[in-house]
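Okay, so here's just one chain, in structure tokens, the form predicted on its own.
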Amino acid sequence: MKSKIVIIISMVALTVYAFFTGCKSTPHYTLAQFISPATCGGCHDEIYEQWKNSMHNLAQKDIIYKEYAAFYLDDIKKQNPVNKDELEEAESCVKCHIPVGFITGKPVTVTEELAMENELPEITKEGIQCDYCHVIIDAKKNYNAHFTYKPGNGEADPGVKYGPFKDATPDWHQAAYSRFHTQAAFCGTCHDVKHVVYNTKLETTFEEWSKSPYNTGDEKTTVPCQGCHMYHRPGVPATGSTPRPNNPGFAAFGGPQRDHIFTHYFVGGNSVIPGLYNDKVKGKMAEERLKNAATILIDTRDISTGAFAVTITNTGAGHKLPTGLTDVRQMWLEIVILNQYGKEVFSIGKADKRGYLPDNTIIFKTIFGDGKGNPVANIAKAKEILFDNRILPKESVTNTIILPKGLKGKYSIQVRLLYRLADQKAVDEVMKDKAIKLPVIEMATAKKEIVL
């Protein structure tokens, strides 16, 4: 009897083991279940054109993403022995950047993505696309793209597409209302990222929003991610400091006119990558958004003591400034003091001809650590957050600037808040011969005359 029990327990254990290993290695879906974005564009033409060359569309084609992902991975593989926990994190970028490929089984690692670069099915290279988002029905966890999906069976049987309308009756596919698609958690499931082993919070855009004044706890007054980013269109930055008017129109050719059609430009603050695909509209939209995110105030009340204060207020973003992968992003203060003849006598944060910033620069960023207090440049090694001075939504940060001694006469203080997709020096080191000269966007500026 005892031996039978042992056999049964062993069989159960093997079954459980097979289940979990199978879930990890066997895809639940096939490429044939997914529909090309261009096919969706046949009816949803305006939305398709908005999405095309957006950062969602270009998530896999983004050369900066691919070069950084390869750099992180190579850095881990050079270790002897290789840290398996860090390797697992370095391999995981594909989950959000090439999601249709990931959930259909290829590629499931960055190594596979890089090796298959010229062989990837076209639909997998289309990034975050129509028939990925609109077959999502729920999320198991609000980070790392832990979605639950219900795709159809390709063009022959497209199945149900989920979205914000309760009365949609399309001819080709079925449609169902999804409250989840109207909530910030839908966006946050990708835009909050945790280290897959260490659980370090690598990106916290959704968490930042959830703790902000934009999340009132009441759906009638809350402004979710969609309330800014899916109202954004050319000439309408739709930030917390600007109007966010409805976008009336048609979701599909021949469909009913709606009071508001959620826009699908998805540029955030990235003015670089769409431009590489000759899309000047989205780059300009990103700049408009950045220029309506913050303000600067110069306080010279204590100038007689040889100091003045610079206050930056996050007036337009529903998350911290900056957000996303903020050990890479750069937002900084450039402070220049000119004498009455226009000659520079003092500066902080002024880039050199290469675009490299001096050591005295005030940068708003995150610094990750190795768990022992040492900074790390590779997020796969991030076990802790050593530093985070980013600016919370609708809050301010003040920095006191000490003037050089011996200044007398009339001077002009000029302050700019600047933004760049990444540190130019790091981009040059990571991308080498593929490096891109990143544009610097002036988010806000202020000027004040003083007499010493």
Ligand code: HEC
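Since this is a predicted model, take the numbers as computed values, not measurements. Residue positions are given as counts along the sequence shown, with the first one as 1.
Beyond what is shown, the protein has a form predicted together with this ligand; the following relates to that form.
In the model of the complex, at least one heavy atom of residue 176 sits within 4.5 Å of a heavy atom of this ligand. Using a 4.5 Å cutoff between non-hydrogen atoms, residue 308 does not count as a contact of this ligand in the model of the complex.
Using a 4.5 Å cutoff between non-hydrogen atoms, residue 256 counts as a contact of this ligand in the model of the complex. Although the partner is absent from this view, residue 416 stays clear of this ligand in the model of the complex, with no non-hydrogen atom inside 4.5 angstroms.
Between the options 261, 312, 335, 357, the residue in contact with this ligand in the model of the complex by a heavy atom within 4.5 angstroms is 261. Between the options 108, 251, 362, 298, the residue in contact with this ligand in the model of the complex by a heavy atom within 4.5 angstroms is 251. Note that among 345-353, 76-84, 227-235, 298-306, the stretch whose heavy atoms approach this ligand to within 4.5 Å in the model of the complex is 227-235. Contacts to this ligand in the model of the complex (heavy atom within 4.5 Å) from stretch 297-331: 316, 317, 318, 319, 320, 321, 322, 323, 324, 325, 329.
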